[in-house]
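Okay, here we've got a single chain as structure tokens, the form predicted on its own, with questions on binding and movement later.
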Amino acid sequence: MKTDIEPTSSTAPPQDRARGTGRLGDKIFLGLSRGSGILLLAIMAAIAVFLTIRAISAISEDHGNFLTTFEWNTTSRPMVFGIAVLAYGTIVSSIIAMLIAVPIAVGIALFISHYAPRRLATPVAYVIDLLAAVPSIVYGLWGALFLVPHLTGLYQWLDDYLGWTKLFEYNDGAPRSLFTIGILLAIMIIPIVTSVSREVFRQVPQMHEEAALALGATRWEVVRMSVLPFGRSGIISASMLGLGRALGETMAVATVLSPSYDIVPSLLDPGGGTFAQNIAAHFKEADGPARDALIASGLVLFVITLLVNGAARLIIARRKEYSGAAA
């Protein structure tokens, strides 16, 4: 005789079990969780609406092209301002930072998780995590007082061997350029990328590594064939997290960079600017319309940050163990 087995509550999804239970604690937790998600979306929407309204007000009074004008003059009337130089400086300095920071951070993470003995790995990991908590202004002061004076030799070397490309042509002067900013930002984001990558590498199944070693693979071959493929999505996630900080960094950039509203062909020449640095430099003395112009540039940075995070989410979604899609 066949009997139908009724599904028990333990086979239902967690959210269905929470709805079906009569426990007050479950209902409160469900409500708080749902409310937190809705509140986050409401805050993001409120920020976007505020920035958009103020940006429209400023752009309507702009007598230049907001996207292509190489000028930021909001003190005179009519106002003339544009974000071309700011967008270029923000993107270029962030790319330089990523090119420097990501390989170094991945190498440190591999050393801590797979090469260093435990007695060494623990203090190194602690120091790396501690660097992530250093305030931006401290990095900025260190960059202005120590890093900038000691980069002249590197700039001369780049000019001697790569100056023919015009991209690394050095014309003397203090090295307060986008390249210096990229180096400083790389130092700032290395701890973030390292910490996330290290935790990802520690999640590699031990049997995969042991199987590769049993087949005669060297330590590097184990890393190349087992660790890096497994942690690829995690490395991308860590890199995008570091990129988000590089895009929005303010105080360190404002302390070191010698800004101008020109796009110079050489990365070693002073000049350029970033969104965050420009807002920090002009916000205090800006009046109503000028402040709206700064908010309009902030809206562009907000959109760029959302696009970066959205792109990272799409990439990570290819690996559900890191995307959280199955959670």
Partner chain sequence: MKLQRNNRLRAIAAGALALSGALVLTACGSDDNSGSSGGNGTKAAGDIKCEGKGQLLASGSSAQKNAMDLWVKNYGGACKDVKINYKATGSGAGIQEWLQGKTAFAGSDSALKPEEVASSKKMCKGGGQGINLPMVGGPIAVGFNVPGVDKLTLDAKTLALIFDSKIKKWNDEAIKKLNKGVSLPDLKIQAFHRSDDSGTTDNFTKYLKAAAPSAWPHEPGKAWAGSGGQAADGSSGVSSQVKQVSGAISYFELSYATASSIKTVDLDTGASAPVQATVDNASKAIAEAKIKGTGKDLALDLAYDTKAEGAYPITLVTYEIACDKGNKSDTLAATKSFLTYVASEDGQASLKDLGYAPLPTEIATKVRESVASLS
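Positions refer to the first chain, counted from 1. Since the model is a prediction, treat every value here as computed from it, not as a measurement.
Beyond what is shown, the protein has a form predicted together with its partner chain; the following relates to that form.
Chemist: Each of 149, 270 and 287 having a non-hydrogen atom within 4.5 Å of its partner chain in the predicted complex: is that the case here?
Modeler: Heavy-atom distance to its partner chain in the predicted complex: all three under 4.5 Å.
Chemist: Tell me, yes or no, whether residue 254 is in contact with its partner chain in the predicted complex, where a contact means a heavy atom of each within 4.5 Å.
Modeler: Residue 254: contacts its partner chain in the predicted complex.
Chemist: Does the 4.5 Å heavy atom contact test between residue 281 and its partner chain in the predicted complex come out positive?
Modeler: Heavy-atom contact with its partner chain at 4.5 Å: present for residue 281.
Chemist: Would residue 65 count as a contact of its partner chain in the predicted complex, using a 4.5 angstroms cut-off between non-hydrogen atoms?
Modeler: No, residue 65 is distant from the partner.
Chemist: Even though the partner isn't displayed, in the predicted complex is residue 229 close enough to its partner chain, meaning a heavy atom within 4.5 Å?
Modeler: Although its partner chain is absent here, residue 229 would stay clear of it in the predicted complex, with no heavy atoms inside 4.5 Å.
Chemist: Work out which of 99, 145, 214, 207 lies within 4.5 Å of its partner chain in the predicted complex, going by heavy atoms.
Modeler: It is 145.
Chemist: From the list 167, 80, 174, 91, which entry has a heavy atom within 4.5 Å of its partner chain in the predicted complex?
Modeler: Result of the distance check: 174.
Chemist: If you look in the predicted complex, which residues in 290-309 sit within 4.5 Å of its partner chain (heavy atoms)?
Modeler: Residue within 4.5 Å: 291 only.
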